[in-house]
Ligand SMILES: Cc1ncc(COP(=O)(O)O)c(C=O)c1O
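We begin with a single chain expressed as structure tokens, specifically the form predicted on its own.
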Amino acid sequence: MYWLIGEGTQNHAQYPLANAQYPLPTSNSQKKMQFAQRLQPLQSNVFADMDIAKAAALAAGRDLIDLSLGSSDLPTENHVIDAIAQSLHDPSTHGYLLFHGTQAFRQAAATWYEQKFGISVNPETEVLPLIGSQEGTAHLPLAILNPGDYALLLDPGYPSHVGGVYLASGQIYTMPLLAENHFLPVFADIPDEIVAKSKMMVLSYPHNPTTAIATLAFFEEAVRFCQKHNIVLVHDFPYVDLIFEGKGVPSILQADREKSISIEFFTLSKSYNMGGFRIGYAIGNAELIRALRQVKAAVDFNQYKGILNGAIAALTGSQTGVDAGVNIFRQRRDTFIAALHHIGWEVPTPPATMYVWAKLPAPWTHNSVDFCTKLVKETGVAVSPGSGFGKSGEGYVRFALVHNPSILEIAVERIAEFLH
């Protein structure tokens, strides 16, 4: 039995089953629920807003080409799937998984780092499994910031970096990323009074959304700055393998080999196409790892052990799938850039990641949200507005290269019709 509760009314006609057994709600039950003020800055984000626009386009009958979300469309390698599948039939994997049960995964992560970057890592004290790197960037501020403390964040930057600081009741100072500075922050521009109140800095290179990369010299500058001012240095590192030119990119720990103030987050979502499995890890300063582990212990246990077994297979097995994925995204990049240039939209060729960061043409140079919502409404092509990544992202849009080249060319054809 049920009744329908109307807003702001006591009309008995709306409660046909109301009686002594099922009393009408009192006035107290209609008071507006109050929530914590820390939720106010989290009312919307770029992905949620575009999700609404995409749903409206689909409802209107548009054929959607979604280039707004950076979720790899490539399949997980078979040897990874096999490791997970075999675990399903092992009853010992079916229970809660506490920290000490993750030792094999932590050892695999430490070995992977040592082989890739030449950094010695203690798997017992310097590695922590995570539910993707986003868990790390969202939860670490709870371990570092007191209310009113500042975090230094990139602008534009990934939305979860902002969300974690707000949940910790911290304050944010944004470091603008400008094309003339190669989308790198200028530490000397941060006011002294802000530096004095800052407890953490978050970097992320190769960078989402600008696709910029950072040199080891830049990381060494960042380490010196943070050491001088006693600031925790956080590096979000999901695109370590998605590099199209050169020999690779540095880890922040190569600039802070003693792990004095640094922690780095890696996810298997991009390199190994395991986004849906939600597996990553933190690596770095032992005190920071221990503090993040304390927060994590209050929030969750670990993933199903079979997922960690799959991650071990990914980190220790053949890396040909990683190389093949990079080649696929390189081909997509080249096709998409050539198509944009063909229609007269000149954009730089990204050196890394799965994105294209494009400066909007006139008359859209100051309203990226309007451009994106109208584009998906009229063409079915969904992209992300630059302003959703921060104030300095206004005037840009981000394309995610998560479709085959033929689909990307169709998307550009639709964009051309929209622009002209």
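Numbers follow the displayed sequence, beginning with 1. Since this is a predicted model, take the numbers as computed values, not measurements.
If you look for the form predicted in complex with this ligand, you will not find it shown, but the lines that follow are about it.
Student: For the spot marked by Gln134, Asp236 and Tyr239, is every residue within 4.5 Å of this ligand in the predicted complex through some heavy atom?
Tutor: Per the other structure, all of Gln134, Asp236 and Tyr239 touch this ligand.
Student: Of Tyr158, Tyr150, Tyr113, Phe105, which residue is found within 4.5 angstroms of this ligand in the predicted complex when only non-hydrogen atoms are counted?
Tutor: It is Tyr158.
Student: Of the options Lys305, Arg278, His229, Arg330, which one has a non-hydrogen atom that comes within 4.5 Å of this ligand in the predicted complex?
Tutor: By the 4.5 Å criterion, the partner-contacting residue is Arg278.
Student: So, Ser204 and this ligand: in the predicted complex, are they within 4.5 Å at any heavy atom pair?
Tutor: Yes.
Student: Look up in the predicted complex whether Thr174 has a non-hydrogen atom within 4.5 angstroms of this ligand, and give yes or no.
Tutor: No, Thr174 stays farther than 4.5 Å from this ligand in the predicted complex.
Student: How about Gly386: is it within 4.5 Å of this ligand in the predicted complex, going by heavy atoms?
Tutor: So Gly386 does not count as contacting this ligand.
Student: Going by a heavy atom distance of 4.5 Å, is Gly70 a contact of this ligand in the predicted complex?
Tutor: Gly70 belongs to the contact set for this ligand.
Student: Tell me which of 139-147, 262-270, 249-257, 179-187 has residues with heavy atoms within 4.5 angstroms of this ligand in the predicted complex?
Tutor: Contact criterion met by 262-270 only.
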